[in-house]
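This document opens with one chain alone, in structure tokens, the form predicted on its own.
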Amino acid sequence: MAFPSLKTEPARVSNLRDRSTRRHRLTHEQRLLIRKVLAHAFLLSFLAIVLVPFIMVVSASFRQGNFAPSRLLPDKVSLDHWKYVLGIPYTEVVNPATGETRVVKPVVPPLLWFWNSIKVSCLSSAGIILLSGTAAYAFSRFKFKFRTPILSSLLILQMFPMVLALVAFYVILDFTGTYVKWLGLNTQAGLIMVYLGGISSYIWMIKGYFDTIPASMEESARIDGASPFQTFVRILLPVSIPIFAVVFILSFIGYMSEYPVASVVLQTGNNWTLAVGANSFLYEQEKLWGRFAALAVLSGVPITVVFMLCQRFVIGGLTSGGIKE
């Protein structure tokens, strides 16, 4: 009876080990492939959730007739909605049987609402940077009485949305308008003043950024004879541009799309912002979805431009901690 040689046993064990390793490696590669497929499927699904509604709105703005967004591509392409939004008169067939037509032209140009929104949003955002920046500097650098309770009160105030104070805003502006006409109801200045009241969250944001900037820089400036205001303007502001850019972007986006407060304060078509004007297309009897969609797409243009201009400051303002010692 022949017995296997002991020399062949290590080779046989080595072969079995190699097969097991290859089998294990194949299983590991399959797991990686499955993970990649699942990750790509999730990302594509998320991208579709974001892009599909936007494409449907763009499609509705180029679709003939005022139909609600229901498909990705319009069946009949028309530029009538964009002509109306841009204030370009166009001819519309009233009676196909007789060939009767009419010239369609908006009573109040939607571009006026567009300009009102940009004006109110820019002035409000600039005012918020001015007020919240100076207030945050005081809370960050100065020690005064009731400093901590005031900061805590600001933190509590930002938990309540501005919509809850609509009645108070209406009463205050109505009373103010009896003495100062340009600062009452149905004025853009009154709306800007209301918007400037929502600076509590921005004060906390800017204060947190100021706290990370070493105070030794300002102490050196004071030794050289700089006043607190000069120190703030020449030392602190240049290194705080990222957080101010972030505050401007966030406030600008919020005010461009704000509707409840603007709809209460602004009461005539010439003073409406884009959000209030767009809502006027949604009547109870007839909803003009095509014009609404065109105006919605147009409202995204200034937001995109502002974000593209300031995008290099966004990551720095949200993640960086100023200048480290």
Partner chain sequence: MSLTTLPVRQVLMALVLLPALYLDFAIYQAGNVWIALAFLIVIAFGAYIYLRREAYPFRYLFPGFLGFGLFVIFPLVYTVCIGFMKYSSQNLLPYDRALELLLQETYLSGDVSYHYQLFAQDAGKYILVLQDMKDPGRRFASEPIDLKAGQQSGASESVTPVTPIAPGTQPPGKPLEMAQVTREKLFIPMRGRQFSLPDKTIVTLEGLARFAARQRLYTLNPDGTLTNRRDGSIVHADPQQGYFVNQKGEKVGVGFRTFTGFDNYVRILSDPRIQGPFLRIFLWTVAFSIFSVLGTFATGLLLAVVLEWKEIQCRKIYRTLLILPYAVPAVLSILIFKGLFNQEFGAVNAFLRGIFHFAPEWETNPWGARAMILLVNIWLGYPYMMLICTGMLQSIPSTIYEASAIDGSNALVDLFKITLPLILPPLFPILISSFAFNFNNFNLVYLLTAGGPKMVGGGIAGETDLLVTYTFNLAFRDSGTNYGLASAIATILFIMVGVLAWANLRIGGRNVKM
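Between two forms, the rigid core is defined as the largest C-alpha subset superposing within 1.5 Å. Since we're looking at a predicted model, the values are computed, not measured. Numbering follows the first chain given and starts at 1.
There is another form of this protein, the form predicted together with the partner chain, and it is not shown here; the text below is about that form.
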S257: touches the partner chain in the model of the complex, heavy atom cutoff 4.5 angstroms: yes
Interface membership of G177, the partner chain in the model of the complex, 4.5 Å heavy atom rule: no
4.5 Å heavy atom contact, A278 to the partner chain in the model of the complex: yes
Partner proximity in the model of the complex: L288 to the partner chain, non-hydrogen atom cutoff 4.5 Å: no
Candidate stretches 67-75, 89-97, 118-126, 102-110 - the one whose heavy atoms come within 4.5 Å of the partner chain in the model of the complex: 67-75
Contact at L266, T268 and C310 by the partner chain in the model of the complex, all three, heavy atom at most 4.5 Å: no
The partner chain in the model of the complex - contacting residues of 194-212, heavy atom within 4.5 Å: V194, G197, I199, S200, W204, K207, D211
Rigid core fit then S152 CA moved by 2 Å or more between the shown form and the other one: no
Rigid core fit then V180 CA moved by 2 Å or more between the shown form and the other one: yes
